[in-house]
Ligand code: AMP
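A single chain, nothing else alongside it, follows as structure tokens in the form predicted on its own.
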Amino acid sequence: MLLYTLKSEVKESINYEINLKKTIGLVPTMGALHQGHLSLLKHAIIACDVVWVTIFVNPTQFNNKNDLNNYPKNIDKDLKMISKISKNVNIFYPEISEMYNSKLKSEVYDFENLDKELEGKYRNNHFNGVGTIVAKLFELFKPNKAFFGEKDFQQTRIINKLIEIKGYKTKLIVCPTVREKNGLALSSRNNLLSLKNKEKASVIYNKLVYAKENYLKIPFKIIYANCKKEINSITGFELEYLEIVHNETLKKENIIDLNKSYRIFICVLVNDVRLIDNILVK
């Protein structure tokens, strides 16, 4: 297992791998790794000749300084977790200055309003930050395949659009969400929850399942009201949004068309820790 901190070192290794016609797989992360990240890594190892994991907390995708400052970090634990899966994985762990030089600013992209829905309504400029760092990584690694989790489904739609905008040859692989036994989607932010709140957070997935089972039977306004009442009755919990949207455009539609595919998205704040999840309904 090799650890790189400089882009120049990575470029040299990538050029060598490209000359050998190796299939390059990229697993971008912000560290604080969990079994969801390791699932992405396992998929990449199966599908690719060479696998790179990046560990970088990207400041330009945070619109809340407290969220950035409180984001969990544990590089030593991350490296141990990766090594248990494979000792042949390459790791890129750069400083902020290495990725942004003196210009700590995100690019502005036309994501055709994909960035204006759901998380985009509450996190100003978040997806421009995501697009900026993913573009930097794709241009550095030139990956054949990049692996992201379904939990961040809106992000995967944004990255697909970025690939289209930039003309990258990278294939985006979306891997299934990995969950706790109680249904809570694994997230690095779960580390910020108390054990009691982590158990109580099972309500998030439970309400997604409830919404999926009833969206054709009950008006969605009533589903939303029922979910909000139950979630907000838990001390420290607040439902920020619960929406059923078109699976591709992420837009709400007034009438459900049985010939189309939909997905339900949810965001719950637990003592200001932001937890998101989603479920495919059709």
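Position 1 is the first residue in the sequence shown; the rest follow in order. Everything numeric here is computed off the predicted structure, so don't read it as measured data.
Omitted here: the form predicted together with the ligand. The next part is about that form.
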Legend entry - the ligand contact at G120 in the model of the complex, heavy atom, 4.5 Å: no
Legend entry - the ligand contact in the model of the complex: D152, any heavy atom under 4.5 Å: yes
Legend entry - H246, heavy atom within 4.5 angstroms of the ligand in the model of the complex: no
Inset, instruction - Could you confirm whether I218 comes within 4.5 Å of the ligand in the model of the complex, counting heavy atoms only? - result: no
Legend entry - Sole residue of K42, K251, H34, K228 within 4.5 Å of the ligand in the model of the complex, by heavy atom: H34
Inset, instruction - Taking 4.5 Å between heavy atoms as the contact cutoff, choose which of I158, A135, L186, I85 touches the ligand in the model of the complex. - result: L186
Inset, instruction - Would you mind picking out the stretch of 108-116, 77-85, 202-210, 175-183 that comes within 4.5 angstroms of the ligand in the model of the complex, counting non-hydrogen atoms? - result: 175-183
Inset, instruction - Assess the spot marked by Y4, P59 and Y100: is the ligand within 4.5 Å of a heavy atom from every one of these residues in the model of the complex? - result: no
Legend entry - Any residue of 2-31 that, in the model of the complex, places a heavy atom within 4.5 Å of the ligand: P28, T29, M30, G31
